[in-house]
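One chain comes next, on its own, written as structure tokens: the form predicted alone.
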Amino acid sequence: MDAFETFLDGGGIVEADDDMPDDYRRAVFAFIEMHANSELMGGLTERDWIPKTPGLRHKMSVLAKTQDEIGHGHLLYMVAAAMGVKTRPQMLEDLFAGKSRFHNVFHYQAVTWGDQVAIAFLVDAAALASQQAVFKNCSYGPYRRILKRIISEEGFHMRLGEDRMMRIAEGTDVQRQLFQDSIDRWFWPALQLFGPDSKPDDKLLRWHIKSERNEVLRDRWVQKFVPMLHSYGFTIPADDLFYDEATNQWDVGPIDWEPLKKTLAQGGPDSARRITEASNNWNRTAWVREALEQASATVPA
């Protein structure tokens, strides 16, 4: 392990068929699997809104975003499967059985169009910041290469959210209140996506999968989005929010991590419905996978 860590510290890149310590393989696999699960479940969140999205322009963007997110998930499953810990079907079956994790924000339901805007504006920005921090110095080559494509598309998603937010900010009082209610629901889940402060012995930092600590990314997000939302006339649902003139920084006060813990234990507000729907879809399409397997078995080598 010492020699391996020296290799990583020197900028070494690990490929799928390279020798690697089992601890590294399993930790990186779990990180990529959770990312893949989150992209897939995020796509299902978008899918819910395809028939309800107002206007053709926005409907087309939701269709495209759904396709992007589910595509990201399957690219990441391909990268994870190559590590030899689980097969792609095993990862999907574990997800649909509630045995594996996905990010907290996808355990909540978007109940209004304003929520969809808040997700694209606040949540996608948080996810993008996290992905960029991984891409910056990622020691696992296949993951770093696939992140380049994912990040470019996630950047469009965030800009789409910003465009929607600005349209609502210039809209009617009813529209602005709709979005304010959505900020009240989604500000904290978006902030909690970064997770609690990184542990001093965080292996993913030591092994150059993550390049920045959770609290650094979280604070950078706060410094960007608190003043931006204020500038458009919206309020932040943080009773202890204050601006420190000495440091020129915003502070949201204490963070309640219990909602995050509940989502990671599959106990979020919309966890059961979302996992059940995904599981039912998987079971209903079993005949397609079986037919493909039978067809491939009959093709001459």
Partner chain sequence: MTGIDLAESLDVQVHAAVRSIDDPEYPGVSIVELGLLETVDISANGRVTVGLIPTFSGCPALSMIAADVKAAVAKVVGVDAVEVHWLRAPVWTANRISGEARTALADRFTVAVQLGKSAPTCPLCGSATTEQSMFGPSRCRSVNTCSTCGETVEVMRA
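Residue numbers count along the first chain shown, from 1. By rigid core we mean the largest C-alpha set that fits within 1.5 Å across both forms. This structure is a prediction, so every number in the text was calculated from the model and none was measured.
One more form of this protein exists, namely the form predicted together with the partner chain; it is left out here, but the text below deals with it.
Taking the partner from the other structure, the partner chain in the predicted complex has a heavy atom within 4.5 Å of a heavy atom of K148. Of the heavy atoms in L241, none are within 4.5 Å of the partner chain in the predicted complex. When the partner chain is considered in the predicted complex, S231 lies well away from it, no heavy atom lying within 4.5 Å. Of the heavy atoms in R167, none are within 4.5 Å of the partner chain in the predicted complex. Comment: the partner chain is not present in this chain, but in the predicted complex one of L160, A125, L92, V222 has a heavy atom within 4.5 Å of it, namely L160.
This chain is drawn without the partner chain; in the predicted complex, the residue among M78, V216, L205, V85 with a heavy atom within 4.5 Å of it is M78. Only one listed stretch (260-268, 244-252, 28-36, 58-66) carries heavy atoms within 4.5 Å of the partner chain in the predicted complex, and that stretch is 58-66. Proximity of P21, D23 and K99 to the partner chain in the predicted complex is absent: no residue of the three has a non-hydrogen atom within 4.5 angstroms. Contact annotation for 1-31: a single residue, D17, has a non-hydrogen atom within 4.5 angstroms of the partner chain in the predicted complex. With the core held fixed between this form and the one not shown, D22 has its Cα displaced by under 2 Å. Note on L292 and K86: their C-alpha atoms are more widely spaced in the predicted complex, a change of at least 3 Å from this conformation.
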